[in-house]
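Before any questions on binding or motion, here is one chain by itself as structure tokens, the form predicted alone.
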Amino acid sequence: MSSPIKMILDCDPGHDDAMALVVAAKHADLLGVTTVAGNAPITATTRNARIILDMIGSTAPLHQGARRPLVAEPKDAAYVHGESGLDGADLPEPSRPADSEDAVQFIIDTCRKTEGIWLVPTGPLTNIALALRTAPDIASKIAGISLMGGGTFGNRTTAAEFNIWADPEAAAMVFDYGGKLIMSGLDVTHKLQATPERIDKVRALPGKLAGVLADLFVFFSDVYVSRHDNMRGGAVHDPCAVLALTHPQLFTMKDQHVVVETSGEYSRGMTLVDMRGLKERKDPNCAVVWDVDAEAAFNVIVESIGAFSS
């Protein structure tokens, strides 16, 4: 058997980030967790990350990162995740604060020390962009970047998905970094929904963790169902960026060229995927994830939760 994929999960928990943390802890060699402002302010996302790590008994180092985007004004997603970033469940107090407030240096040092790490950002790409800008040498040392963000339609605006919209300048740097890149955007993540039947699978697991995460799924899914025309559950976005590495057989991907719009009045934060049949199109810079075996993927999430819930 091959050894687990080494990864650093860069996140902004967030309900779906919490699920990504659980899957990464179960199916990858999680070398560290870094936090960024996004779904909630940085103090909340760091607190939430520590709580989830505590609940699954993970000793992975936790480092707090960027408090704000590179250029844009900071804006959170309380309208989806609640004021805490993890509303909807009775959560314990965190055991301790982050191990440092310098996530960027942690990313740089770890990638220099151990080659072949995957960076897996599930929030705005600020920390990743800062690390690549500060230490360009790590671009050739990492295995690649598997991110959740983008797509051919938006959720924060008509054109833009939240993570890219929150820091388009950082996203543009990441998409242009030159190494292997996998984008799990809304086209695929909206196909992986926490339907009532799937949440029941989580609720049926023994242990406190399963109950807490089921409650989080219910809150998150209720928000999605109330805000969308035709969704039966919350879009479980962030685990896709982890599962695309640990369970790639569950996904359909295509190498394509993707750029990030940083200046359009209506399209700022848009990811433009070149789907033309013209031979003069630019060479691919990204593996775009288009489809998922949703039932199998959610079963991996359930299995991962069960591994830590007792």
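A residue's number is simply how far along the shown sequence it sits, counting from 1. Computed from a predicted structure; not experimentally measured.
The protein also exists as the form predicted together with beta-D-ribofuranose (BDR); that form is not presented, and the subsequent description refers to it.
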Spot the stretch among 96 to 104, 233 to 241, 169 to 177, 202 to 210 with residues whose non-hydrogen atoms come within 4.5 Å of beta-D-ribofuranose (BDR) in the model of the complex. 233 to 241
Do Thr126 and beta-D-ribofuranose (BDR) share at least one heavy atom pair within 4.5 Å in the model of the complex? no
Given that beta-D-ribofuranose (BDR) is not shown alongside this chain, does Thr195 nevertheless sit within 4.5 Å of it in the model of the complex, heavy atom to heavy atom? no
Using 4.5 Å between non-hydrogen atoms, is Ser146 touching beta-D-ribofuranose (BDR) in the model of the complex? no
Should Phe162 be classed as touching beta-D-ribofuranose (BDR) in the model of the complex when contacts are defined as heavy atoms within 4.5 Å? yes
Within 4.5 Å of beta-D-ribofuranose (BDR) in the model of the complex, which residues of 97 to 129 have a heavy atom? Give them in sequence order, or say none. Thr122
